[in-house]
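Before any questions on how it binds or moves, here is one chain, the form predicted on its own, in structure tokens.
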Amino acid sequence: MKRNALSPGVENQIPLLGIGVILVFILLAGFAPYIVRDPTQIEMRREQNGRTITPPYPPSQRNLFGTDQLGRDIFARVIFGLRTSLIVGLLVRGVSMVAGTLLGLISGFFPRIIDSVIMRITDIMLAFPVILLAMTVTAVLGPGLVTVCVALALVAWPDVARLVRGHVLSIREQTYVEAARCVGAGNRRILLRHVLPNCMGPIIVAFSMGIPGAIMYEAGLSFFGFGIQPPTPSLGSIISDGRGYITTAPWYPGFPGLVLTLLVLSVNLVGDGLIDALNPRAAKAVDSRTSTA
């Protein structure tokens, strides 16, 4: 069975589709104040056919995604929630990548005591469920955007450190590293000029593949009330508020859930494309193995 039933041309277009969706979301989030109304604006009563109705209101030209139980426009809240999700995803993954890469370089290049200390701390961090540890941190520090970013960055760096350490252990044994040592290059020069550049491929892929996880964890924390607090919109909190209306107003949790799914799926598609682009040999090896199955 082949790895992918799609033709090579179609398969190469899939990451571009993900990039297109992400760009649309970024533009919507960046120009949100100029595109949609105030997401905190409340409309408790509306006249329709001579009678007064109360929210949540169904989708219409006025409210594309309908409204919540307070009459706030869900489309506006989703667009502003996208901004929150993108900020958290990029910031959390950026901080965790920097910390994890630094610790992974040190751990892989300087064995024995330093390596043992860093790896034992990493093992301890990985022993705890990510969402539970993040909830604990936010419960101690108090919920909010900054706290969520700190909590998620704190629990996201161990995987990066182990990934980078594994590549450094392999690279430091290469002949060009030994040659650099023979000509008198110091550890700092070897790390920055020879080891780190050869780790950039896996680091870039790990960065892109980790963004969806950060977005989902933020949504999960907000869903349980440990994340972004009202009145700041968050996709997770919007879905949480709408779960009680899933039978009477399915658009309430449905549209935010759909947007969150599209965002995470698109970033994953881009990550898969980066894997194939930066490591074509591994992709061909997978194709050859699965084609003979």
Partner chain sequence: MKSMQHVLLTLCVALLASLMVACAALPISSTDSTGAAQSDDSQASESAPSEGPRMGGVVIGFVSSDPKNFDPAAIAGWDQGVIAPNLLEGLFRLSPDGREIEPAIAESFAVSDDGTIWTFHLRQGAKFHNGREITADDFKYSFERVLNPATRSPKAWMLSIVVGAQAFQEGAADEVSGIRTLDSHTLEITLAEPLAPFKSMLASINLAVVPREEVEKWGEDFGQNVVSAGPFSLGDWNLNQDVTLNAFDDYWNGRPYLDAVQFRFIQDENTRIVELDAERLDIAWVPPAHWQRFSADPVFKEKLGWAETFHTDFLAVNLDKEPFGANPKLRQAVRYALDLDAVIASLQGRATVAQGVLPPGLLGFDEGAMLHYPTNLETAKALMAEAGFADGVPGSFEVILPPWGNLIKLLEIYQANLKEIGIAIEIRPTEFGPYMEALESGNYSLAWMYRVTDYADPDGFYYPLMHSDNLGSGGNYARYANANVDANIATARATVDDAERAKLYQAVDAQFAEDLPYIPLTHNIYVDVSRPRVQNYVPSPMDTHMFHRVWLAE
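Positions refer to the first chain, counted from 1. Nothing here was measured: the structure is a model prediction, and the numbers come from that model.
In what follows, reference is made to the form predicted in complex with the partner chain, a form of this protein that is not presented.
Against the partner chain in the model of the complex, the set 241, 248 and 258 is in full contact: each member has a heavy atom within 4.5 Å.
The chain is drawn here without the partner chain; in the model of the complex, the stretch among 68-76, 96-104, 186-194, 82-90 whose residues come within 4.5 Å of it by any heavy atom is 68-76. Of the heavy atoms in residue 202, none are within 4.5 Å of the partner chain in the model of the complex. Although the partner is absent here, residue 59 is not a contact residue: none of its heavy atoms lies within 4.5 angstroms of the partner chain in the model of the complex.
Using a 4.5 angstroms limit between non-hydrogen atoms, residue 139 touches the partner chain in the model of the complex. Among heavy atoms of residue 44, some come within 4.5 Å of the partner chain in the model of the complex. Residue in contact with the partner chain in the model of the complex (any heavy atom within 4.5 Å), chosen from 157, 207, 223, 109: 223.
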